[in-house]
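Encoded as structure tokens, the following chain is the form predicted alone, with no partner shown.
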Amino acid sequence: MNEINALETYNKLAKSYSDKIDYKPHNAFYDRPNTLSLLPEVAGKHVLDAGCGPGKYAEILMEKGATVIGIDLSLRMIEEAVMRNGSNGEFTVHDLTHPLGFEDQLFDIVICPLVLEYIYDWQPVFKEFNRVLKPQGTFVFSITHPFSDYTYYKSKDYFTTEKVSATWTGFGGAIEVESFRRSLMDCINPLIENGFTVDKILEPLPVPEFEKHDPKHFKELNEFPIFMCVRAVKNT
């Protein structure tokens, strides 16, 4: 039930994903600007980029003066992140379902964009994020919107976390991508239960640049969100 093909999928996608991440509309002009808008000032801060992919978020954050450690399940993605950022930052393979190898209260910020839907049980993940964050540290993540997922996958039981599958064609040839769909309460309650206060929920709108690249989806995203961005703060 809780096994999916995320590692295999993202190893296959790594090169094309990295090549397109700068301008692919749903990433560059929808997820990224909205997720970044939830971050506090990052200059001089220590940031954990959890599920860093090809290192685009890390690149942006380091340009703004942050010190970034990026971790990802996919070795191929880590290789792309290193190629993108050179000697800047630190990137290593790590499975978020396993304990983080960092000392307590090391980071000011944890960012986790479009990663959590590949993890079945968020409880231990959020517990570890809380552990490595400083008091009043910020945790920002984006996910596919639970209402959008429920509709897209034509689910029959909203309240049950279930494995789902979609075919992606935006990164070259068609590839089957498995993930987990869950209810809104199962997205938010693990935060509260692991020492976080929810500070802001953003149902994002695409930025104007999106329309130039994909007017059809620009119109759709202005009518109904497919992502959700959340900012939480570690309790003292």
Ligand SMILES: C[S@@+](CC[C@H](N)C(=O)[O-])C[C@H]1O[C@@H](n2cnc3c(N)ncnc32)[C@H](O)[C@@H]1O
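Quick note: we count residues from 1 along the sequence shown, nothing fancier. Remember, predicted model here, so these are calculated numbers, not experimental data.
One more form of this protein exists, namely the form predicted together with the ligand; it is left out here, but the text below deals with it.
Exercise. Sort through 144-152, 130-138, 71-79, 157-165 and report the only stretch with a non-hydrogen atom within 4.5 Å of the ligand in the model of the complex.
Key: Result for this chain: 71-79.
Quiz item: Does Leu114 make contact with the ligand in the model of the complex, using a 4.5 Å heavy atom cut-off?
Solution: Contact check for Leu114: yes, within 4.5 Å of the ligand in the model of the complex.
Practice problem: Classify Tyr57 as contacting or not contacting the ligand in the model of the complex by the rule of any non-hydrogen atom within 4.5 angstroms, answering yes or no. | Solution: It does: once the ligand is placed as it appears in the model of the complex, Tyr57 has a heavy atom within 4.5 Å of it.
Quiz item: For Val47, is any heavy atom within 4.5 Å of the ligand in the model of the complex, or not?
Solution: Heavy-atom contact with the ligand at 4.5 Å: absent for Val47.
Quiz item: Does any heavy atom of Ile109 come within 4.5 Å of a heavy atom of the ligand in the model of the complex?
Solution: Output for Ile109 is no: heavy atoms all beyond 4.5 Å of the ligand.
Quiz item: From first to last in sequence, which residues of 118-137 have any non-hydrogen atom within 4.5 angstroms of the ligand in the model of the complex?
Solution: Residues within 4.5 Å: Tyr118, Ile119.
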